[in-house]
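Next up, structure tokens for two forms of one chain, structure 1 and then structure 2.
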Structure 1
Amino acid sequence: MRRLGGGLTLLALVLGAGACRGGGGAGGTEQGQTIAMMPKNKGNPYFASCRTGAEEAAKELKARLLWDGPTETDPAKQNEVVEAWITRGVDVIAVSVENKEAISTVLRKARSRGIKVITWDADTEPDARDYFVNQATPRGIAETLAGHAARLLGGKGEFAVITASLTAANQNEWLRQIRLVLAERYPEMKLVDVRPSDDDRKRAFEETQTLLKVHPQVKVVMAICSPAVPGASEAVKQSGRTDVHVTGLGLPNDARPYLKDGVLDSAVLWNTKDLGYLTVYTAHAVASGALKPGVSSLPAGRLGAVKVEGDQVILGTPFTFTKDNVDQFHF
């Protein structure tokens, strides 16, 4: 496979939804592990590519993988699925958390029943899980995104953010870190608005149209969830505002046409397939006892030894797609 700088691997996007099994069945490993993994939203291509990596890892480990979650962003549905997994008695639950306050209670319940709990992509309250699989450090994401915005603004001016939802734990932490980076490095830049897209491209388009009208001085729109990148880019394109640029966290296939026409300056992302792959390896290691307090690295198949910092397993650093390199990638 083609390797990206920073250790990322080119991945193929395979769409899918619904519950599934990886390689093996009940009793497929020495521990008879069943790993139950939940995205925020099964319909999001970001999570579909995570699932591809998760299935790959489950096959290698001969584990049973259950994949289920809301078809649209819905914290209550996440709780319902976890309750079902508790009743079923799975070995490990791995959740990309939509609302950490809403789900923490049921995750604590799972742990009280002897089920190992990890989070991935977006975290919950620390006492509600054993480990968090972090796609990149919030500080690293914030520095990368703020750096792109600063370059586009010349270090001063107004920008706005399109997020997934106002309760999304990971996006809120990224925003907190972005504000810290602004204070430390770019005091003449101002974040003037944060609008939710509900992980929906059409909603991102509409919210971007609105913020450009409400904040005409905004010169950069930062979209920090993958469906928002093409949504915001299309809104800026249709507005005719050639003085406004978009940057954010997005998939290269979605970003490509907007990178090519110059509306989208840059798209930042980690390897989503590797995130799903590492999550299953982490779940397997937690259930088997191989990953426990004090461990500083985790053997993770083709990823090699992955760094463990306290109760977080770190995938790596983000990569920036531009008009000059995006044709190398197809996911």
Structure 2
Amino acid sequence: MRRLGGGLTLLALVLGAGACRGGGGAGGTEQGQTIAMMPKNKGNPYFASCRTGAEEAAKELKARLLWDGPTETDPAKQNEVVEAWITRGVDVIAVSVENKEAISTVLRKARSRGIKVITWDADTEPDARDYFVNQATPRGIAETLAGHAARLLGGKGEFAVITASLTAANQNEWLRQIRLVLAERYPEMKLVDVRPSDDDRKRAFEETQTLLKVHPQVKVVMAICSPAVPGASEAVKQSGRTDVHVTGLGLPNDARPYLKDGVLDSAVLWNTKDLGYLTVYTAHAVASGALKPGVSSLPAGRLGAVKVEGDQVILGTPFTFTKDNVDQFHF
């Protein structure tokens, strides 16, 4: 019992100290704005490179950048991080959204508490955020990818997709759009199978190996998550099939060797470092009030003046890496 009493005294003591800090109110006051930025998940090279750009911008703006996100794949985790940030008190929250239906409630709650909310990389429902830093719409991604596949197939023939996990929300949205684009523009192209890779390169490799044998007529493999691009490319390379090409959505560092081998035709992506950089600039401008309805251009450090369309900040259209330009990019 004495121990318990001691513990309570200790608790009371430290709480006194804690209350002082908690009383500081929203955000770090001495250090400028507190920008809380969340990737879809941690431990993913794609988001690691976004983070380098984000930190660069935070340094330039003298803002405090909190970078955290789920380490597990459960969709509830993003909500819990946002809840914590609401409690903590930050000036602006920037989220790369995994599940837009699930997260919109908690983002609206953040806005009702006076916290600015932007989304980046993947959007939520429009009324749940102030701005979306748009590097590519699902439609734009689908058009670009389907366009590459059509070019490789001559507009006619079979192709297959290697996706992330079967439940990955973004990939499923892209697939839906790809099917729409096929129906509209490329009726003679057929998507014969969609195989999961669970974001594991080895799994993508093995699924592609099997796929090529089960569907020998498939001439294009489209890998729509970043570990799947090198996985599918390696499988095609090892099979010795020179009539099969890979295209997809991936990082230039992963793609480079395969682009040069000629196995990988093209990898579609945007500059992830710039995406992180622009997100922090957008967050800062929204929180300081510089970016508000009616503004059509946002000064963003080394990126210059960036176009704003309505409630979207436009990074640019998706970029296609090929063997000719890939050496200019390192991320």
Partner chain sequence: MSLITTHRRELSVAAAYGVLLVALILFAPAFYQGANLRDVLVGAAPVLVAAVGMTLVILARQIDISIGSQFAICAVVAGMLAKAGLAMPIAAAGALAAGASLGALNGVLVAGFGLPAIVVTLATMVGLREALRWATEGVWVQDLPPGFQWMGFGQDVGRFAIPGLALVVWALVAWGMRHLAAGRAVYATGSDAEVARLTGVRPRRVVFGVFVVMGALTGLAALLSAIQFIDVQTNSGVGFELRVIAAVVVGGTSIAGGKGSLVGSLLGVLLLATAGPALTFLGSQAYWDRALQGVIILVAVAADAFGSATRLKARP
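The first residue in the sequence of structure 1 is number 1, and each one after it adds one. Being a predicted model, the structure only gives us computed values, none of them experimental.
In this comparison, the chain shown as structure 1 is the form predicted alone.
Annotation note: for the two-part rigid motion between structures 1 and 2, residue 255 and residue 159 are assigned to a common part based on which superposition fits each C-alpha better. Rotation of the smaller rigid segment with respect to the larger between structures 1 and 2, from C-alpha superposition: 16°.
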